[in-house]
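Consider the single chain below, provided in structure tokens and representing the form predicted on its own.
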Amino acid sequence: MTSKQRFLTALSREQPDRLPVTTHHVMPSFLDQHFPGMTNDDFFDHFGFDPILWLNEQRPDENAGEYFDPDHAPGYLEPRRVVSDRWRIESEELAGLRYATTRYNIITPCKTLTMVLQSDEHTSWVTERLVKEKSDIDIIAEFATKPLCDVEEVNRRCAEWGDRGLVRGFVPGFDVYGQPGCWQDAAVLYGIEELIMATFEDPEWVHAFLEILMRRKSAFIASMKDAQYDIIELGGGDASTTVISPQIFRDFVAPYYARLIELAHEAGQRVVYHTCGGMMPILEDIADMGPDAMETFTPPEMGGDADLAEAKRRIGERVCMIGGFDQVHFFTGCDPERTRQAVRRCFAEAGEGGGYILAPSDHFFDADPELLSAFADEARKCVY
């Protein structure tokens, strides 16, 4: 099989020729440290992974007066930003701080919303939340742009990529700093502790907030018809059971994600639901939302709770499982034989009958190249 055939067979919960092996994003800081000048494609070829092309192509709705931000240079996995005369985004660098710090001002006719991000060589994080008053969500509802999928550009890139491997996209996150899920975006914009408290103190406001975010994502998903993605990502770690209770998940996460997944299926798209954290108490709840695949199955040794064998037993006939590998303990600081044993253990626990893609539990920031080679080589030996 080609890598693409192998991926698609697993996503259909069928048995490929061998275990598909890949990773969740190739981080630029890792390549810069170990392989300066190496591209994602070079990385996959070098180590013998089944490759992924990540695309995040969006376009403005010109009929709504939207256009590409002329001052925005997209960052890692970031699409070109869509703005309008009523939703302009300006940034300013703040000097004298330990980390690179940027304040973003979102300018609307009624109010300017502000958010502050900091970054190091590996990642970025929010230090000032955008939503500071509950009424700020009304500003978002009235003025935020609603980017659409650039189907033509997606399909052009897919044609260039050919059958090399999987083409993976995203449900767009919020401007500046967001992720695919509604709950995840809300946690970023308001703060996860504040959002959890609001589910008890003002649940109607939380639902209104999530509905606003969902409408924005729905517009994008509805425009994805005929885009030749193999799968698109939804979700985020703030909806894991190491962060929120199963009841909050059922009340405030699942209803919105289920509707987005249904809409994606109507547009002809497969969906992978991403949970980096605890997921065992809500496995069936996630499967009930209707995704085609689930990730990341983070093991307890990394702060998650995944039991691959139990997960396979409970939901393996309903979704493709992706992940489950402990990259912290088996990509650094161990003998290659231990890495190979960890691969075999994952295959034994989740590989039976197909429907499983081996990958690290989310991305990794560092790894011993020798162990990456052992990881991929042993996976290629896991033949059905």
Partner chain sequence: MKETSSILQSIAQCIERGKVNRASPYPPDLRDRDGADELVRRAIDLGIDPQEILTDGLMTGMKVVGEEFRAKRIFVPEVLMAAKAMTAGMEHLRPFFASSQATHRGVMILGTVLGDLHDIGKRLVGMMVEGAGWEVIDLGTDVAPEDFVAAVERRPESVVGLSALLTTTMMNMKETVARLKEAHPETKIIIGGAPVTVAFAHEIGADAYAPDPPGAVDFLNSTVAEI
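These numbers were taken from a predicted model, which means no experiment stands behind them. Numbering follows the first chain given and starts at 1.
Form predicted together with the partner chain: not shown, discussed below.
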Exercise for the section: Answer yes if any heavy atom of Glu266 is within 4.5 Å of a heavy atom of the partner chain in the model of the complex; otherwise answer no. Expected result: no
Problem - Interface membership of Val328, the partner chain in the model of the complex, 4.5 Å heavy atom rule - result: yes
Practice task
Answer for Glu193 alone: is it within 4.5 Å of the partner chain in the model of the complex, judged on heavy atom distances?
Solution key: yes
Practice task
May I ask you to check whether Glu301 falls inside a 4.5 Å heavy atom distance of the partner chain in the model of the complex?
Solution key: yes
Problem - Candidate site Tyr99, Thr241 and Pro281: all three near the partner chain in the model of the complex by heavy atom within 4.5 Å - result: yes
Handout entry: in the model of the complex, the residue from Gly162, Gly75, Pro246, Pro109 that sits within 4.5 Å of the partner chain by heavy atoms
Key = Pro246
Exercise for the section: Using heavy atoms only and a 4.5 Å cut-off, determine which of Asp85, Glu90, Glu201, Glu142 is in contact with the partner chain in the model of the complex. Expected result: Glu201
Problem - One stretch from 163-171, 150-158, 222-230, 118-126 that, in the model of the complex, holds residues within 4.5 Å of the partner chain by heavy atom - result: 118-126
